[in-house]
Structure formats: C-alpha cells, structure tokens
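First, one chain by itself: the form predicted alone, in structure tokens.
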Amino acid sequence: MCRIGAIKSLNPIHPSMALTLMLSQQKGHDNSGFAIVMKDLYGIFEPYKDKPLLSYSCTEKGKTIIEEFMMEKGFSKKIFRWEPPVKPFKGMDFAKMPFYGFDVFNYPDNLMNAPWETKEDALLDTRLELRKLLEETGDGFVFSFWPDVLTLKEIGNPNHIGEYFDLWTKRDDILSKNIVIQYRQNTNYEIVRYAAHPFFLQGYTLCANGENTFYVKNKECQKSLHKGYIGFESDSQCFLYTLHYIHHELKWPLPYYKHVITPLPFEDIDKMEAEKQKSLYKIRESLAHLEINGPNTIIGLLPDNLMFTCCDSKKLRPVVVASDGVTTVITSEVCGVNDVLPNRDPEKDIYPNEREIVAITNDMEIKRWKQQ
C-alpha cells in the first residue's frame, strides 16, 4: 500500500516537514519510488514565481541535449539554476542519476506578452517534446515545466534520497506553502521514475494510495482526449488526467470530479430533484469510461493551490485531514500527523467518507462537499 501525504501552510515550510510526516508511515514502502512536488515556492525561487521552472534529472549527455533543445525552442534566457547539494554516503540505496537540475527560464520573445492560455500550451508542448527526446536516447527525465513548481522523483529508499539531497536539514533556501509527497509507486507495473507519484500536468498535482481496476478503460478513453495524457506508467495517472479533463478542459467545478470518478447509484440519483437527476444521468452516460474502481484515496492540488482529498466509493483506503489553523495535513495515517502537528486538537481531525470531497483553501478554511 502506498503512503501519501500533503501539507498546506500559511507560512512557507521546508521539505523536511514532509519527510517527517512520512517517516512513521514508512513501513509500507519498498524502495520502488519517491517523489515530491512543491508549489508556491519561496527562498531562492521566490523572485521567479512568474517564470517557468524546469525540473529534471539526466546524464551529462542529457544535460547537453536539454540545453540545446531549450535554446532551439527559444528558451535561451536561463536566469537561474539550482543544483541541489548532494551528500553521498556509504550504503546509499537508490538509483541516482548523474545530474539533477532545476532551471528557471524567461519566456521566449514570442510568448512574452502572450495570453496565459497560449503560454500554458507552449509549456506543455515543450515538456512533452523534451521528454520524448530524452526517452529516445535514455539520457534523462523531465518531470515538470511550470512556473512556481518544483518536482523531484527518484527510485530507492526515501530516507536515503532525503539524506543524499540534504532534505532533512532545515534551511531557508528551498521553501513552499504546498507540498505533496509519496513513498512507493504502484508496483503492479514497471518501476520507472515517471510512475512515482505525485503526477503533474498544467498546474494540477495528484497522488493516490491504492489501485484502479478500471485502468484499461480509463486509459483507452483518455488517450484520445488530450495530448498531455501520455505514459500511463501507473493506473493512478488516470486519476490526474480525469481531474485535468473535468476541471481544465470542461471547466466544471471540482465537486463534479467526484460525480465522474465515483458516480452515485441510480437509486440515489432517482431521489433527487429533476434537474439534478438530468445532469447526473448525462454525466454517467457521457463519461462512463472515466469512472474508477478499486480501493484508493486521492490527494490533489489545483492550479490555484486548492488542496483536496477524496476516496473510493467504499472507503477502502485510509486518509485523515488535520489542522492547527496555520498548517493543514492530509495523509494516510494519523501517526504522521502526530509527528508534525503535535499541538493540534485531534478531536477536530477529519476522516473523509466515501461520498465527499474535503478541500483546504489558501486561508486554511476546510470545506466538505457532499456528493449526496
């Protein structure tokens, strides 16, 4: 079973807090994957919030491929690069790459004054083309290319990865207000870095604990819906693609995501007012191939940094939401919350049920949207 966690705070926090959150839950990890996504960055990245940030790992040859490709695409004005300080040690247990880079670029001249919709399309195209180029030679991985977003993925012991990148040491250089983290990827499929949750697409971040037994029908449907729905290295990627499709492409409010992935039984829909019945039947009819099944819990983060969680229709995987008013945590097990929010009131902890979305706004308000 995967271990998932997310932290949202009014104050910028260091990734060591997310590592601490996961430490007591690490019994279930099997060194198959580690990933962390940080949004709303502070510290050394704070001056570049409106500039696209490329997160990648590669060989020395891959670094040359990336630099030449970005120049060719017009991203020639690299304005900042962070190379994480690494601390090799004896007995490291993970498949490290030769180079890790986090590069901030100015937009090309033709995009400088373009509308946001044009920019986000160009950023996606650039990432997809670069990913394909690196896959052809086997020289690297690109995980995100987006303003104010940093992504690190690796395969191996999560604690060793944190130690190697010096993420356990609290510093003021790498900070953010939103962190999503996962130990262990879906081991029903090949172990690759892209399969490590959280997944990211055009401002949307998602990780999951569990499995999706409707993976094949989700995948076959999604492949024709959007150019960004690629890879499918994990069945949980389907959760992200459906979120993106419902919220970004169809522009439906977030509560409709729950109606799509875990639709209400017909007998419950029949008890509703006529207009709502009509809407929910239309959703079931037109988006049936995006329904999910199996035990799972989802944690998501929208482009506006609204954080949320929801469960499968039988609540077969655990999740808890806890807050002290300044910082809110969503995670698999309450032991992790106890480690990072020891002074909260545990009586106020929320254990989401199978028919709701629990969301946290940027001012730490917790909202519960019931499906019924």
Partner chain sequence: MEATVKINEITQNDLDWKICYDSERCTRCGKCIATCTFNALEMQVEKRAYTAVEPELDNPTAHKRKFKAVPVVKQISDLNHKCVGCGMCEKVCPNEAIKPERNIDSREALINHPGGSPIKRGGRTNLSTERTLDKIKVGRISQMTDPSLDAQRHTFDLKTPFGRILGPEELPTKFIDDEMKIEGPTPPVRWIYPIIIGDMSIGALSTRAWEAICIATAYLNEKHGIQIRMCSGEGGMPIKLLKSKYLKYMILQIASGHFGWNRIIKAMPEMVEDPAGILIKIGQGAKPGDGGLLMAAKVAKHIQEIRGVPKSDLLSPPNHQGLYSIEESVQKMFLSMNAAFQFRVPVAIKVAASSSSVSVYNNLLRDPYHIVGGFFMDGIQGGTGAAHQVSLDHTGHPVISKVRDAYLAATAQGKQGRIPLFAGGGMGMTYDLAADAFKAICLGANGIFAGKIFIQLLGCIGNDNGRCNQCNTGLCPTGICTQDYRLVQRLDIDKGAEAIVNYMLNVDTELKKMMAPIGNSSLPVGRSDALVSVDKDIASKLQIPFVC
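In this text, all values refer to a predicted model and were calculated from it rather than measured experimentally. Numbering follows the first chain given and starts at 1.
There is another form of this protein, the form predicted together with the partner chain, and it is not shown here; the text below is about that form.
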Proximity to the partner chain in the predicted complex (heavy atom, within 4.5 Å), stretch among 77-85, 210-218, 191-199, 118-126: 210-218
Residue (of Arg317, Arg344, Lys63, Lys51) lying close to the partner chain in the predicted complex, criterion heavy atoms within 4.5 Å: Arg317
Among the candidates His248, Arg131, Lys73, Arg284, the residue which, in the predicted complex, approaches the partner chain to within 4.5 Å (heavy atoms): Arg284
Close approach of Phe89 to the partner chain in the predicted complex, 4.5 Å, heavy atom: no
Residue contact check: Pro147 to the partner chain in the predicted complex, 4.5 Å heavy atom: no
Distance check, Ser279 to the partner chain in the predicted complex, heavy atom within 4.5 Å: yes
Lys177 within 4.5 Å of the partner chain in the predicted complex, heavy atoms: no
Tyr256, Asp270 and Asn293 each touching the partner chain in the predicted complex (heavy atom, 4.5 Å): yes
